[in-house]
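Next up: the same protein chain in two forms, each one alone, written as C-alpha coordinates (structure 1, then structure 2).
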Structure 1
(Lines of atoms letter the chains of each structure in order from A and count residues from 1; the text may use other names and numbers.)
(Lines give C-alpha, C1' and ligand atoms only; values in the text may rest on other atoms or scores of the structure.)
Protein backbone atom coordinates (compact mmCIF):
# COMPACT_ATOMS: atom_id res chain seq x y z
CA UNK A 1 0.00 0.00 0.00
CA UNK A 2 1.29 3.38 -0.95
CA UNK A 3 2.34 6.01 1.58
CA UNK A 4 4.36 8.47 -0.51
CA UNK A 5 3.47 9.81 -3.94
CA UNK A 6 4.64 12.34 -6.44
CA UNK A 7 2.26 15.10 -7.49
CA UNK A 8 2.73 17.03 -10.71
CA UNK A 9 0.95 20.36 -10.91
CA UNK A 10 0.59 22.63 -7.89
CA UNK A 11 -2.02 25.05 -9.20
CA UNK A 12 -5.24 25.86 -7.42
CA UNK A 13 -6.35 22.24 -7.30
CA UNK A 14 -2.99 20.50 -6.92
CA UNK A 15 -1.85 22.75 -4.13
CA UNK A 16 -4.92 22.08 -2.06
CA UNK A 17 -4.77 18.38 -2.75
CA UNK A 18 -1.16 18.19 -1.58
CA UNK A 19 -2.25 19.76 1.67
CA UNK A 20 -5.19 17.42 2.17
CA UNK A 21 -3.01 14.39 1.34
CA UNK A 22 -0.38 15.46 3.84
CA UNK A 23 -3.06 16.07 6.47
CA UNK A 24 -4.22 12.54 5.73
CA UNK A 25 -0.82 11.03 6.37
CA UNK A 26 0.39 10.60 2.81
CA UNK A 27 3.86 11.90 2.07
CA UNK A 28 3.83 14.07 -1.07
CA UNK A 29 6.66 15.29 -3.23
CA UNK A 30 5.30 17.99 -5.51
CA UNK A 31 6.58 19.26 -8.81
CA UNK A 32 5.55 22.43 -10.59
CA UNK A 33 7.48 24.54 -13.09
CA UNK A 34 7.19 27.51 -10.71
CA UNK A 35 10.27 27.43 -8.47
CA UNK A 36 8.49 29.08 -5.56
CA UNK A 37 6.07 26.17 -5.06
CA UNK A 38 7.92 23.10 -6.30
CA UNK A 39 9.62 20.55 -4.07
CA UNK A 40 11.96 19.26 -6.78
CA UNK A 41 13.56 20.86 -9.83
CA UNK A 42 12.08 18.59 -12.50
CA UNK A 43 10.17 15.38 -13.24
CA UNK A 44 13.34 13.31 -13.04
CA UNK A 45 13.94 14.73 -9.59
CA UNK A 46 10.40 13.91 -8.62
CA UNK A 47 10.71 10.29 -9.65
CA UNK A 48 14.07 10.03 -7.93
CA UNK A 49 12.54 11.30 -4.69
CA UNK A 50 9.99 8.50 -4.52
CA UNK A 51 10.69 5.37 -2.49
CA UNK A 52 11.76 2.22 -4.33
CA UNK A 53 9.08 -0.29 -5.11
CA UNK A 54 5.84 0.65 -6.77
CA UNK A 55 6.26 4.36 -7.45
CA UNK A 56 3.11 6.46 -7.87
CA UNK A 57 2.83 9.83 -9.58
CA UNK A 58 -0.40 11.82 -9.61
CA UNK A 59 -0.70 14.20 -12.59
CA UNK A 60 -2.82 17.27 -11.98
CA UNK A 61 -2.25 19.64 -14.89
CA UNK A 62 -4.58 21.05 -17.57
CA UNK A 63 -6.13 18.49 -19.91
CA UNK A 64 -4.86 18.02 -23.45
CA UNK A 65 -1.30 18.78 -24.47
CA UNK A 66 0.02 19.59 -20.96
CA UNK A 67 -1.24 16.30 -19.53
CA UNK A 68 -0.04 14.39 -22.54
CA UNK A 69 3.41 15.93 -22.26
CA UNK A 70 3.77 15.08 -18.60
CA UNK A 71 2.50 11.51 -18.98
CA UNK A 72 4.79 10.91 -21.94
CA UNK A 73 7.79 12.09 -20.02
CA UNK A 74 6.83 10.05 -16.97
CA UNK A 75 6.60 7.03 -19.25
CA UNK A 76 10.31 7.36 -19.93
CA UNK A 77 11.22 7.91 -16.27
CA UNK A 78 9.12 5.24 -14.59
CA UNK A 79 9.65 1.49 -14.59
CA UNK A 80 7.60 -1.64 -14.68
CA UNK A 81 5.11 -1.76 -11.83
CA UNK A 82 4.97 1.99 -11.30
CA UNK A 83 1.66 3.81 -11.61
CA UNK A 84 0.56 7.08 -13.16
CA UNK A 85 -2.66 8.63 -11.87
CA UNK A 86 -4.28 11.11 -14.24
CA UNK A 87 -6.37 13.31 -11.95
CA UNK A 88 -7.07 16.17 -14.33
CA UNK A 89 -9.99 16.48 -16.67
CA UNK A 90 -8.76 14.35 -19.56
CA UNK A 91 -11.26 13.23 -22.16
CA UNK A 92 -11.67 9.50 -21.49
CA UNK A 93 -10.36 8.33 -24.90
CA UNK A 94 -7.11 10.06 -24.00
CA UNK A 95 -6.94 7.86 -20.92
CA UNK A 96 -7.42 4.77 -23.01
CA UNK A 97 -4.64 5.83 -25.37
CA UNK A 98 -2.22 6.81 -22.58
CA UNK A 99 -2.91 3.61 -20.65
CA UNK A 100 -2.16 1.50 -23.73
CA UNK A 101 1.12 3.33 -24.32
CA UNK A 102 2.27 3.00 -20.73
CA UNK A 103 1.21 -0.65 -20.61
CA UNK A 104 3.82 -1.38 -23.26
CA UNK A 105 6.43 -0.38 -20.69
CA UNK A 106 4.68 -2.15 -17.82
CA UNK A 107 3.63 1.13 -16.22
CA UNK A 108 0.10 1.15 -14.81
CA UNK A 109 -2.42 3.91 -15.43
CA UNK A 110 -5.41 4.97 -13.36
CA UNK A 111 -7.73 7.85 -14.22
CA UNK A 112 -9.48 9.80 -11.51
CA UNK A 113 -12.26 12.33 -11.90
CA UNK A 114 -12.02 14.77 -9.02
CA UNK A 115 -14.92 16.94 -7.90
CA UNK A 116 -15.09 19.52 -5.16
CA UNK A 117 -13.41 22.64 -6.45
CA UNK A 118 -11.95 25.08 -3.98
CA UNK A 119 -14.05 23.49 -1.23
CA UNK A 120 -12.30 20.14 -1.54
CA UNK A 121 -9.44 20.96 0.80
CA UNK A 122 -11.89 21.31 3.64
CA UNK A 123 -14.74 18.99 2.62
CA UNK A 124 -12.80 16.36 0.76
CA UNK A 125 -12.97 15.52 -2.91
CA UNK A 126 -15.47 13.29 -4.66
CA UNK A 127 -13.41 10.68 -6.54
CA UNK A 128 -14.40 8.59 -9.57
CA UNK A 129 -11.74 6.08 -10.53
CA UNK A 130 -11.10 3.99 -13.62
CA UNK A 131 -8.49 1.26 -13.99
CA UNK A 132 -7.48 -2.24 -13.03
CA UNK A 133 -8.67 -3.52 -9.70
CA UNK A 134 -5.24 -4.33 -8.23
CA UNK A 135 -3.89 -0.90 -9.07
CA UNK A 136 -6.90 0.77 -7.51
CA UNK A 137 -6.51 -1.31 -4.37
CA UNK A 138 -2.85 -0.35 -4.12
CA UNK A 139 -3.84 3.32 -4.27
CA UNK A 140 -6.64 3.24 -1.70
CA UNK A 141 -4.69 5.07 1.02
CA UNK A 142 -4.30 8.01 -1.35
CA UNK A 143 -7.97 7.99 -2.27
CA UNK A 144 -9.03 7.65 1.36
CA UNK A 145 -6.98 10.69 2.30
CA UNK A 146 -8.57 12.80 -0.41
CA UNK A 147 -12.22 11.76 -0.24
CA UNK A 148 -14.68 13.30 2.21
CA UNK A 149 -15.11 11.96 5.71
CA UNK A 150 -17.86 9.39 6.05
CA UNK A 151 -18.55 6.09 4.38
CA UNK A 152 -16.06 5.46 1.59
CA UNK A 153 -18.73 4.74 -0.99
CA UNK A 154 -20.30 8.18 -0.54
CA UNK A 155 -17.27 9.96 -1.94
CA UNK A 156 -15.39 7.33 -3.89
CA UNK A 157 -16.15 4.84 -6.62
CA UNK A 158 -14.16 2.46 -8.71
CA UNK A 159 -16.43 3.10 -11.67
CA UNK A 160 -14.93 0.67 -14.16
CA UNK A 161 -11.98 0.10 -16.43
CA UNK A 162 -9.52 2.76 -17.63
CA UNK A 163 -11.44 5.83 -18.75
CA UNK A 164 -14.46 5.15 -16.56
CA UNK A 165 -13.30 7.62 -13.93
CA UNK A 166 -13.12 10.52 -16.32
CA UNK A 167 -16.25 9.35 -18.08
CA UNK A 168 -18.10 9.49 -14.77
CA UNK A 169 -16.66 12.91 -14.01
CA UNK A 170 -17.67 14.10 -17.47
CA UNK A 171 -21.26 13.01 -16.88
CA UNK A 172 -21.13 14.59 -13.42
CA UNK A 173 -20.24 17.89 -15.03
CA UNK A 174 -22.93 17.52 -17.68
CA UNK A 175 -25.49 17.02 -14.93
CA UNK A 176 -24.03 20.03 -13.16
CA UNK A 177 -24.76 22.18 -16.23
CA UNK A 178 -28.38 21.07 -16.20
CA UNK A 179 -28.81 21.65 -12.46
CA UNK A 180 -27.31 25.12 -12.61
CA UNK A 181 -29.48 26.13 -15.53
CA UNK A 182 -32.62 24.85 -13.80
CA UNK A 183 -31.95 26.97 -10.73
CA UNK A 184 -31.01 29.91 -12.92
CA UNK A 185 -34.21 29.74 -14.94
CA UNK A 186 -36.25 29.58 -11.75
CA UNK A 187 -34.34 32.54 -10.35
CA UNK A 188 -35.05 34.58 -13.46
CA UNK A 189 -38.75 33.79 -13.33
CA UNK A 190 -39.01 34.70 -9.65
CA UNK A 191 -37.15 37.94 -10.29
CA UNK A 192 -39.45 38.79 -13.20
CA UNK A 193 -42.62 38.64 -11.11
CA UNK A 194 -43.63 41.73 -9.17
CA UNK A 195 -45.74 39.90 -6.59
CA UNK A 196 -42.59 38.15 -5.38
CA UNK A 197 -40.87 40.74 -3.20
CA UNK A 198 -38.14 38.57 -1.68
CA UNK A 199 -36.32 36.44 -4.23
CA UNK A 200 -33.31 35.77 -2.05
CA UNK A 201 -35.52 34.84 0.88
CA UNK A 202 -37.56 32.53 -1.28
CA UNK A 203 -34.54 30.58 -2.46
CA UNK A 204 -33.14 30.53 1.06
CA UNK A 205 -36.42 29.05 2.30
CA UNK A 206 -35.82 26.16 -0.07
CA UNK A 207 -32.58 25.14 1.62
CA UNK A 208 -34.23 22.86 4.19
CA UNK A 209 -37.06 20.42 3.83
CA UNK A 210 -37.80 21.01 0.14
CA UNK A 211 -37.32 18.75 -2.83
CA UNK A 212 -34.87 21.13 -4.53
CA UNK A 213 -32.40 21.51 -1.67
CA UNK A 214 -28.81 20.95 -2.66
CA UNK A 215 -25.32 22.29 -2.31
CA UNK A 216 -25.72 24.31 -5.50
CA UNK A 217 -28.84 25.91 -4.02
CA UNK A 218 -26.84 26.81 -0.92
CA UNK A 219 -24.29 28.50 -3.16
CA UNK A 220 -27.02 30.30 -5.07
CA UNK A 221 -28.33 31.68 -1.78
CA UNK A 222 -24.82 32.69 -0.78
CA UNK A 223 -24.34 34.53 -4.04
CA UNK A 224 -27.64 36.36 -3.58
CA UNK A 225 -26.69 37.28 -0.04
CA UNK A 226 -23.55 38.94 -1.34
CA UNK A 227 -25.31 40.64 -4.27
CA UNK A 228 -29.12 40.31 -4.20
CA UNK A 229 -29.63 41.31 -7.83
CA UNK A 230 -26.32 39.90 -9.09
CA UNK A 231 -25.62 43.43 -10.25
CA UNK A 232 -21.88 43.03 -10.26
CA UNK A 233 -21.82 39.83 -12.29
CA UNK A 234 -21.82 39.66 -16.06
CA UNK A 235 -24.06 37.20 -17.86
CA UNK A 236 -21.11 35.73 -19.74
CA UNK A 237 -20.61 32.04 -18.91
CA UNK A 238 -17.66 29.98 -19.95
CA UNK A 239 -17.84 26.27 -20.54
CA UNK A 240 -15.20 23.66 -20.01
CA UNK A 241 -14.72 20.77 -22.36
CA UNK A 242 -16.63 18.32 -20.21
CA UNK A 243 -20.07 19.68 -20.97
CA UNK A 244 -19.31 19.51 -24.68
CA UNK A 245 -17.96 15.98 -24.39
CA UNK A 246 -21.08 14.90 -22.54
CA UNK A 247 -23.30 15.98 -25.41
CA UNK A 248 -20.89 14.51 -27.98
CA UNK A 249 -20.98 11.23 -26.11
CA UNK A 250 -24.77 11.25 -25.93
CA UNK A 251 -24.90 11.74 -29.68
CA UNK A 252 -22.53 8.84 -30.22
CA UNK A 253 -24.72 6.64 -28.05
CA UNK A 254 -28.08 7.93 -29.33
CA UNK A 255 -29.02 9.06 -25.84
CA UNK A 256 -31.46 12.01 -25.85
CA UNK A 257 -30.05 14.84 -23.74
CA UNK A 258 -32.46 17.74 -24.13
CA UNK A 259 -31.80 19.38 -20.77
CA UNK A 260 -28.02 19.13 -20.64
CA UNK A 261 -27.66 20.27 -24.26
CA UNK A 262 -30.00 23.20 -23.66
CA UNK A 263 -27.83 24.24 -20.72
CA UNK A 264 -24.72 24.01 -22.87
CA UNK A 265 -26.24 26.06 -25.68
CA UNK A 266 -27.37 28.71 -23.19
CA UNK A 267 -23.71 29.17 -22.29
CA UNK A 268 -22.70 29.46 -25.93
CA UNK A 269 -25.38 32.11 -26.42
CA UNK A 270 -24.30 33.97 -23.32
CA UNK A 271 -20.93 34.63 -24.87
CA UNK A 272 -22.15 35.98 -28.20
CA UNK A 273 -22.13 39.72 -28.55
CA UNK A 274 -24.53 39.23 -31.38
CA UNK A 275 -26.25 36.12 -32.66
CA UNK A 276 -25.87 35.43 -36.39
CA UNK A 277 -28.86 33.10 -36.18
CA UNK A 278 -31.13 35.72 -34.70
CA UNK A 279 -29.96 38.25 -37.28
CA UNK A 280 -31.08 35.71 -39.86
CA UNK A 281 -34.49 35.34 -38.21
CA UNK A 282 -34.87 39.11 -38.07
CA UNK A 283 -33.92 39.32 -41.74
CA UNK A 284 -36.51 36.68 -42.64
CA UNK A 285 -39.26 38.47 -40.75
CA UNK A 286 -38.40 41.68 -42.55
CA UNK A 287 -38.50 39.90 -45.90
CA UNK A 288 -41.91 38.31 -45.57
CA UNK A 289 -43.79 40.60 -43.34
CA UNK A 290 -42.29 43.98 -43.63
CA UNK A 291 -41.69 43.62 -39.91
CA UNK A 292 -39.55 46.36 -38.50
CA UNK A 293 -36.00 45.29 -37.81
CA UNK A 294 -33.61 47.11 -35.58
CA UNK A 295 -30.61 48.53 -37.30
CA UNK A 296 -27.50 46.98 -35.83
CA UNK A 297 -26.01 49.08 -33.08
CA UNK A 298 -26.04 49.38 -29.31
CA UNK A 299 -28.87 47.20 -28.08
CA UNK A 300 -31.93 49.23 -27.25
CA UNK A 301 -33.91 47.44 -24.57
CA UNK A 302 -37.63 47.74 -24.15
CA UNK A 303 -40.72 46.52 -25.88
CA UNK A 304 -40.56 46.18 -29.63
CA UNK A 305 -43.03 47.45 -32.15
CA UNK A 306 -46.34 45.63 -32.15
CA UNK A 307 -46.68 43.84 -35.46
CA UNK A 308 -49.40 41.55 -36.65
CA UNK A 309 -47.79 38.22 -37.47
CA UNK A 310 -47.77 37.45 -41.18
Structure 2
Protein backbone atom coordinates (compact mmCIF):
# COMPACT_ATOMS: atom_id res chain seq x y z
CA UNK A 1 0.00 0.00 0.00
CA UNK A 2 1.52 3.31 -1.10
CA UNK A 3 1.25 5.97 1.61
CA UNK A 4 4.22 8.27 0.86
CA UNK A 5 5.54 9.47 -2.53
CA UNK A 6 7.98 11.99 -3.90
CA UNK A 7 6.74 14.70 -6.26
CA UNK A 8 9.12 16.58 -8.57
CA UNK A 9 7.77 19.89 -9.87
CA UNK A 10 5.62 22.17 -7.72
CA UNK A 11 4.35 24.56 -10.35
CA UNK A 12 0.71 25.47 -11.04
CA UNK A 13 -0.43 21.84 -11.19
CA UNK A 14 2.20 20.09 -9.08
CA UNK A 15 1.69 22.40 -6.10
CA UNK A 16 -2.06 21.71 -6.07
CA UNK A 17 -1.52 17.99 -6.62
CA UNK A 18 0.70 17.86 -3.52
CA UNK A 19 -2.07 19.44 -1.47
CA UNK A 20 -4.80 17.18 -2.85
CA UNK A 21 -2.68 14.09 -2.22
CA UNK A 22 -2.05 15.18 1.36
CA UNK A 23 -5.75 15.84 1.83
CA UNK A 24 -6.37 12.31 0.55
CA UNK A 25 -4.08 10.70 3.11
CA UNK A 26 -0.93 10.35 0.97
CA UNK A 27 2.22 11.82 2.47
CA UNK A 28 4.17 13.83 -0.10
CA UNK A 29 7.75 15.03 -0.16
CA UNK A 30 8.06 17.61 -2.90
CA UNK A 31 11.07 18.95 -4.74
CA UNK A 32 11.24 22.13 -6.82
CA UNK A 33 14.21 24.39 -7.63
CA UNK A 34 12.37 27.28 -5.98
CA UNK A 35 13.32 27.29 -2.27
CA UNK A 36 10.05 28.88 -1.19
CA UNK A 37 7.99 25.83 -2.22
CA UNK A 38 10.34 22.83 -1.98
CA UNK A 39 10.48 20.35 0.90
CA UNK A 40 14.02 19.15 0.16
CA UNK A 41 17.10 20.76 -1.41
CA UNK A 42 17.56 18.38 -4.36
CA UNK A 43 16.50 15.10 -5.97
CA UNK A 44 18.92 13.10 -3.84
CA UNK A 45 17.30 14.59 -0.74
CA UNK A 46 13.85 13.70 -2.05
CA UNK A 47 14.77 10.06 -2.64
CA UNK A 48 16.46 9.86 0.78
CA UNK A 49 13.29 11.20 2.44
CA UNK A 50 11.14 8.37 1.09
CA UNK A 51 10.61 5.25 3.20
CA UNK A 52 12.63 2.14 2.38
CA UNK A 53 10.91 -0.36 0.16
CA UNK A 54 9.15 0.31 -3.13
CA UNK A 55 9.77 4.03 -3.44
CA UNK A 56 7.53 6.07 -5.79
CA UNK A 57 8.47 9.39 -7.43
CA UNK A 58 5.97 11.35 -9.54
CA UNK A 59 7.59 13.69 -12.10
CA UNK A 60 5.47 16.74 -12.93
CA UNK A 61 7.74 19.02 -14.98
CA UNK A 62 7.52 20.36 -18.56
CA UNK A 63 7.86 17.82 -21.36
CA UNK A 64 11.10 17.49 -23.28
CA UNK A 65 14.55 18.24 -21.86
CA UNK A 66 13.34 19.05 -18.29
CA UNK A 67 11.57 15.70 -18.00
CA UNK A 68 14.45 13.80 -19.60
CA UNK A 69 16.92 15.36 -17.18
CA UNK A 70 14.86 14.53 -14.09
CA UNK A 71 14.12 10.95 -15.15
CA UNK A 72 17.77 10.33 -16.04
CA UNK A 73 18.91 11.55 -12.63
CA UNK A 74 16.26 9.55 -10.82
CA UNK A 75 17.49 6.48 -12.66
CA UNK A 76 20.83 6.87 -10.87
CA UNK A 77 19.22 7.43 -7.46
CA UNK A 78 16.45 4.84 -7.34
CA UNK A 79 16.81 1.10 -6.76
CA UNK A 80 15.32 -2.09 -8.11
CA UNK A 81 11.57 -2.23 -7.43
CA UNK A 82 11.12 1.54 -7.24
CA UNK A 83 8.67 3.30 -9.59
CA UNK A 84 8.78 6.51 -11.61
CA UNK A 85 5.46 8.11 -12.60
CA UNK A 86 5.76 10.58 -15.48
CA UNK A 87 2.80 12.95 -15.33
CA UNK A 88 3.72 15.65 -17.84
CA UNK A 89 2.58 15.95 -21.45
CA UNK A 90 5.40 13.92 -22.97
CA UNK A 91 5.23 12.42 -26.45
CA UNK A 92 4.34 8.75 -25.99
CA UNK A 93 7.36 7.27 -27.89
CA UNK A 94 9.59 8.92 -25.27
CA UNK A 95 7.76 6.98 -22.55
CA UNK A 96 8.61 3.69 -24.21
CA UNK A 97 12.29 4.63 -24.46
CA UNK A 98 12.46 5.81 -20.82
CA UNK A 99 10.67 2.71 -19.56
CA UNK A 100 13.19 0.48 -21.35
CA UNK A 101 16.14 2.42 -19.90
CA UNK A 102 14.79 2.28 -16.35
CA UNK A 103 13.90 -1.40 -16.70
CA UNK A 104 17.61 -2.15 -17.14
CA UNK A 105 18.04 -0.92 -13.54
CA UNK A 106 14.92 -2.73 -12.32
CA UNK A 107 12.96 0.53 -11.91
CA UNK A 108 9.31 0.56 -13.03
CA UNK A 109 7.79 3.28 -15.18
CA UNK A 110 4.19 4.49 -15.49
CA UNK A 111 3.01 7.37 -17.70
CA UNK A 112 -0.02 9.41 -16.68
CA UNK A 113 -1.91 11.99 -18.68
CA UNK A 114 -3.31 14.48 -16.18
CA UNK A 115 -6.22 16.83 -16.92
CA UNK A 116 -7.74 19.36 -14.57
CA UNK A 117 -5.47 22.37 -14.73
CA UNK A 118 -5.54 24.85 -11.88
CA UNK A 119 -9.01 23.60 -10.86
CA UNK A 120 -7.78 20.10 -10.03
CA UNK A 121 -7.23 20.79 -6.34
CA UNK A 122 -10.93 21.42 -5.86
CA UNK A 123 -12.46 19.19 -8.55
CA UNK A 124 -9.92 16.38 -8.88
CA UNK A 125 -7.85 15.34 -11.87
CA UNK A 126 -8.81 13.18 -14.80
CA UNK A 127 -6.13 10.49 -15.09
CA UNK A 128 -5.15 8.41 -18.13
CA UNK A 129 -2.56 5.79 -17.18
CA UNK A 130 -0.17 3.63 -19.18
CA UNK A 131 1.98 0.85 -17.73
CA UNK A 132 2.11 -2.70 -16.44
CA UNK A 133 -1.00 -3.79 -14.59
CA UNK A 134 0.77 -4.77 -11.36
CA UNK A 135 2.43 -1.36 -11.13
CA UNK A 136 -0.85 0.46 -11.79
CA UNK A 137 -2.66 -1.60 -9.15
CA UNK A 138 0.10 -0.87 -6.64
CA UNK A 139 -0.32 2.86 -7.29
CA UNK A 140 -4.12 2.97 -7.02
CA UNK A 141 -4.17 4.73 -3.60
CA UNK A 142 -2.30 7.63 -5.23
CA UNK A 143 -4.60 7.73 -8.25
CA UNK A 144 -7.71 7.50 -6.08
CA UNK A 145 -6.56 10.47 -3.99
CA UNK A 146 -6.11 12.60 -7.12
CA UNK A 147 -9.11 11.64 -9.27
CA UNK A 148 -12.53 13.33 -8.96
CA UNK A 149 -15.11 12.12 -6.47
CA UNK A 150 -17.57 9.55 -7.79
CA UNK A 151 -17.16 6.32 -9.77
CA UNK A 152 -13.51 5.57 -10.50
CA UNK A 153 -14.19 4.84 -14.17
CA UNK A 154 -15.51 8.38 -14.70
CA UNK A 155 -12.18 10.00 -13.83
CA UNK A 156 -9.56 7.27 -14.23
CA UNK A 157 -8.56 4.77 -16.88
CA UNK A 158 -5.73 2.28 -17.21
CA UNK A 159 -5.54 2.93 -20.94
CA UNK A 160 -2.95 0.27 -21.81
CA UNK A 161 0.76 -0.41 -21.74
CA UNK A 162 3.52 2.19 -21.38
CA UNK A 163 2.79 5.19 -23.60
CA UNK A 164 -0.98 4.65 -23.67
CA UNK A 165 -1.61 7.22 -20.95
CA UNK A 166 0.14 10.02 -22.79
CA UNK A 167 -1.33 8.92 -26.14
CA UNK A 168 -4.83 9.17 -24.61
CA UNK A 169 -3.99 12.61 -23.16
CA UNK A 170 -2.67 13.72 -26.55
CA UNK A 171 -5.99 12.86 -28.20
CA UNK A 172 -7.85 14.47 -25.27
CA UNK A 173 -5.95 17.71 -25.85
CA UNK A 174 -6.56 17.54 -29.59
CA UNK A 175 -10.30 17.37 -28.90
CA UNK A 176 -9.86 20.31 -26.52
CA UNK A 177 -8.35 22.35 -29.39
CA UNK A 178 -11.46 21.74 -31.50
CA UNK A 179 -13.92 22.51 -28.71
CA UNK A 180 -12.22 25.76 -27.75
CA UNK A 181 -12.05 26.87 -31.37
CA UNK A 182 -15.78 26.21 -31.88
CA UNK A 183 -16.74 28.22 -28.79
CA UNK A 184 -14.38 31.03 -29.86
CA UNK A 185 -15.82 31.21 -33.38
CA UNK A 186 -19.36 31.22 -32.01
CA UNK A 187 -18.44 34.07 -29.67
CA UNK A 188 -16.97 36.09 -32.54
CA UNK A 189 -20.06 35.66 -34.70
CA UNK A 190 -22.39 36.65 -31.84
CA UNK A 191 -20.29 39.75 -31.21
CA UNK A 192 -20.14 40.67 -34.91
CA UNK A 193 -23.92 40.85 -35.41
CA UNK A 194 -25.67 43.79 -33.76
CA UNK A 195 -28.94 41.86 -33.40
CA UNK A 196 -27.54 40.14 -30.27
CA UNK A 197 -27.10 42.77 -27.58
CA UNK A 198 -26.07 40.45 -24.73
CA UNK A 199 -23.34 38.13 -25.94
CA UNK A 200 -22.22 37.11 -22.45
CA UNK A 201 -25.81 36.40 -21.40
CA UNK A 202 -26.43 34.35 -24.51
CA UNK A 203 -23.46 32.09 -23.86
CA UNK A 204 -24.34 31.85 -20.18
CA UNK A 205 -27.83 30.68 -21.15
CA UNK A 206 -26.20 27.75 -22.93
CA UNK A 207 -24.57 26.44 -19.75
CA UNK A 208 -27.63 24.48 -18.56
CA UNK A 209 -29.92 22.25 -20.54
CA UNK A 210 -28.38 22.77 -23.98
CA UNK A 211 -26.42 20.20 -25.96
CA UNK A 212 -23.33 22.44 -26.09
CA UNK A 213 -22.99 22.87 -22.31
CA UNK A 214 -19.58 21.93 -20.89
CA UNK A 215 -16.95 23.00 -18.39
CA UNK A 216 -15.08 24.79 -21.19
CA UNK A 217 -18.22 26.80 -21.93
CA UNK A 218 -18.46 27.65 -18.21
CA UNK A 219 -14.90 28.95 -18.36
CA UNK A 220 -15.69 30.99 -21.49
CA UNK A 221 -18.59 32.62 -19.67
CA UNK A 222 -16.35 33.32 -16.67
CA UNK A 223 -13.77 34.98 -18.93
CA UNK A 224 -16.47 37.22 -20.44
CA UNK A 225 -17.72 38.15 -16.97
CA UNK A 226 -14.23 39.32 -16.06
CA UNK A 227 -13.56 41.09 -19.39
CA UNK A 228 -16.72 41.43 -21.56
CA UNK A 229 -14.85 42.46 -24.71
CA UNK A 230 -11.68 40.45 -23.99
CA UNK A 231 -9.68 43.64 -24.42
CA UNK A 232 -7.14 42.84 -21.71
CA UNK A 233 -5.46 40.01 -23.61
CA UNK A 234 -3.78 39.68 -26.99
CA UNK A 235 -5.05 37.28 -29.66
CA UNK A 236 -1.73 35.39 -29.83
CA UNK A 237 -2.36 31.72 -28.95
CA UNK A 238 0.39 29.21 -28.18
CA UNK A 239 0.31 25.45 -28.68
CA UNK A 240 2.17 23.07 -26.39
CA UNK A 241 2.73 20.19 -28.81
CA UNK A 242 -0.14 17.79 -28.26
CA UNK A 243 -2.22 19.25 -31.09
CA UNK A 244 0.63 18.81 -33.54
CA UNK A 245 1.27 15.25 -32.37
CA UNK A 246 -2.43 14.43 -32.70
CA UNK A 247 -2.48 15.63 -36.31
CA UNK A 248 0.76 13.75 -37.03
CA UNK A 249 -0.78 10.52 -35.71
CA UNK A 250 -3.90 11.12 -37.79
CA UNK A 251 -1.76 11.39 -40.91
CA UNK A 252 0.22 8.25 -40.02
CA UNK A 253 -2.98 6.28 -39.43
CA UNK A 254 -5.05 7.81 -42.27
CA UNK A 255 -7.65 9.12 -39.82
CA UNK A 256 -9.39 12.34 -40.96
CA UNK A 257 -9.24 15.09 -38.32
CA UNK A 258 -10.54 18.19 -40.13
CA UNK A 259 -11.79 20.00 -37.00
CA UNK A 260 -8.72 19.42 -34.84
CA UNK A 261 -6.39 20.23 -37.75
CA UNK A 262 -8.24 23.48 -38.48
CA UNK A 263 -8.11 24.46 -34.79
CA UNK A 264 -4.34 23.92 -34.74
CA UNK A 265 -3.84 26.01 -37.88
CA UNK A 266 -6.05 28.75 -36.41
CA UNK A 267 -3.56 29.04 -33.56
CA UNK A 268 -0.76 29.48 -36.08
CA UNK A 269 -2.78 32.26 -37.75
CA UNK A 270 -3.10 34.06 -34.41
CA UNK A 271 0.66 34.61 -34.32
CA UNK A 272 0.91 36.44 -37.62
CA UNK A 273 1.00 40.23 -37.60
CA UNK A 274 0.10 39.90 -41.27
CA UNK A 275 -0.68 36.93 -43.46
CA UNK A 276 1.64 36.23 -46.42
CA UNK A 277 -0.81 33.59 -47.63
CA UNK A 278 -3.74 36.01 -47.72
CA UNK A 279 -1.56 38.56 -49.49
CA UNK A 280 -0.95 35.90 -52.12
CA UNK A 281 -4.70 35.23 -52.40
CA UNK A 282 -5.39 38.94 -52.88
CA UNK A 283 -2.66 39.15 -55.53
CA UNK A 284 -4.06 36.16 -57.39
CA UNK A 285 -7.59 37.58 -57.36
CA UNK A 286 -6.23 40.82 -58.78
CA UNK A 287 -4.25 38.98 -61.47
CA UNK A 288 -6.99 36.72 -62.80
CA UNK A 289 -10.00 38.96 -62.29
CA UNK A 290 -8.79 42.48 -61.72
CA UNK A 291 -10.36 42.43 -58.24
CA UNK A 292 -9.66 45.30 -55.86
CA UNK A 293 -6.75 45.16 -53.43
CA UNK A 294 -5.68 47.40 -50.56
CA UNK A 295 -2.17 48.84 -50.23
CA UNK A 296 -0.01 47.69 -47.33
CA UNK A 297 -0.18 50.09 -44.42
CA UNK A 298 -2.58 51.43 -41.78
CA UNK A 299 -5.66 51.54 -44.01
CA UNK A 300 -8.90 51.43 -42.08
CA UNK A 301 -10.54 47.97 -42.09
CA UNK A 302 -13.81 49.74 -42.84
CA UNK A 303 -12.55 51.63 -45.88
CA UNK A 304 -14.01 50.82 -49.25
CA UNK A 305 -12.10 49.32 -52.19
CA UNK A 306 -9.46 51.50 -53.78
CA UNK A 307 -10.74 50.70 -57.24
CA UNK A 308 -13.96 49.19 -58.49
CA UNK A 309 -13.99 45.43 -59.01
CA UNK A 310 -13.78 44.18 -62.57
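Positions refer to the first chain, counted from 1. Keep in mind the model is a prediction, meaning the values are calculated, not measured. Between two forms, the rigid core is the largest collection of C-alphas that superpose within 1.5 Å.
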Of these two, which one is the form predicted together with a further copy of the same chain? 1
Displaced residue check between structure 1 and structure 2: residue 65, CA, 2 Å or over, core reference: no
Could you tell me whether the Cα atom of residue 282 shifts by at least 2 Å between structure 1 and structure 2 after core superposition? yes
